[in-house]
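One chain comes next, on its own, written out as C-alpha cells in the form predicted alone.
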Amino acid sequence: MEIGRRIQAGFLPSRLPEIAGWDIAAYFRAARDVGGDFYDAFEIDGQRHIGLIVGDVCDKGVGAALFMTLFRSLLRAAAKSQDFRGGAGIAGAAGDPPAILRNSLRFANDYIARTHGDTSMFATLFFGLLDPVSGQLHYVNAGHEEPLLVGTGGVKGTLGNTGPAVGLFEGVDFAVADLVLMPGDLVLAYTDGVTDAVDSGGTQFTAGRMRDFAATGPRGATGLVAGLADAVERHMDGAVRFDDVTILSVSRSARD
C-alpha cells in the first residue's frame, strides 16, 4: 500500500504552472493509503492555455486509485498531444479550447466505457482551459460538484454541470461553457470530500460553510486553498475519514 501511495502521488503534478498575474494552488488528502480523487494543472502549447482538472472516481481504495491514474492519463494525453487531437472525430481541435475539451472528454469517456464498461467505474470531473492573457475560461463540468466563482465582493455564482459523468456510456456529447475571470476573481473547485467531511459527532462541514469561507476567507488561490484545507482538517479533528479531500483553485491578480 505504501508503494501504491507513492506511485499515485507521482501521478499528481509535482509543481503547478506559474503565470504572471495568476495564482494556482491545490490540496489533496486521501481517506485511505490511496484514493480515487485527482487533480491536475498543466500548460498546453506553451502557456497559451492552462488545463485545470479536478476529478472524483466512484468508490474508494485501490480500485478507484487505479482508475484515477487512467482517467488522469487519458485526459492529459488527449489535451496535450497533437497525436490525440481530433482522435474523437471533432473538427478544429488544434488550438481551439472548446474542441480540445470536447475531444479530450469524448476520448476518455469512450475508452473507459468501451474497454472497462463491465466494471461500471466512472468519474465526475471539472475540466477547464484558461487563457491567461484574456482571462477566458472554457470548461466542462461532467456531473461534478459545481465550482464557486468568487469575486472581490463575495461569491458571484457557480460553474454548473454541462454533461454527465465520464465513462458510463459511449458517444456522450459534453457541452462546453465559458466565462471571463476579471481581476480579483477566483474559481474554487473541489470534491465532495470537502463538504461531506464530518467531525466525531457526525456533523458535516457542509457546502454552506465552504461557501461562507470562500466569501470571507483569504484572497488569492494559495491563501484560500490553505485556509479551507485547514478549516476542514480542524472540523474533522481526528474523526475517521470516509472520503478523499481535494481542492484546486485559480485566481487572477486584482492588480491586473
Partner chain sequence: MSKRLEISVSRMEAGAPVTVLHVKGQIDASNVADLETRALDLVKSGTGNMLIDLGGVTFMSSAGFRTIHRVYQAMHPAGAKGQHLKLLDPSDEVKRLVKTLGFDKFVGVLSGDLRKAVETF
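Only a predicted model underlies this, so the values are computations on that prediction, with no experimental measurement involved. Numbering follows the first chain given and starts at 1.
We do not show the form predicted in complex with its partner chain, though everything after this point is about it.
Heavy atoms within 4.5 Å of its partner chain in the model of the complex are found in one stretch of 130-138, 162-170, 176-184, 71-79, which is 162-170. Although the partner is absent from this view, Ala214 stays clear of its partner chain in the model of the complex, with no non-hydrogen atom inside 4.5 angstroms. Mapping the unseen interface onto this chain, Met121 counts among the residues with a heavy atom inside 4.5 Å of its partner chain in the model of the complex.
Under a 4.5 angstroms non-hydrogen atom cutoff, its partner chain in the model of the complex has Asp59 among its neighbouring residues. Using a 4.5 angstroms limit between non-hydrogen atoms, Gly117 touches its partner chain in the model of the complex.
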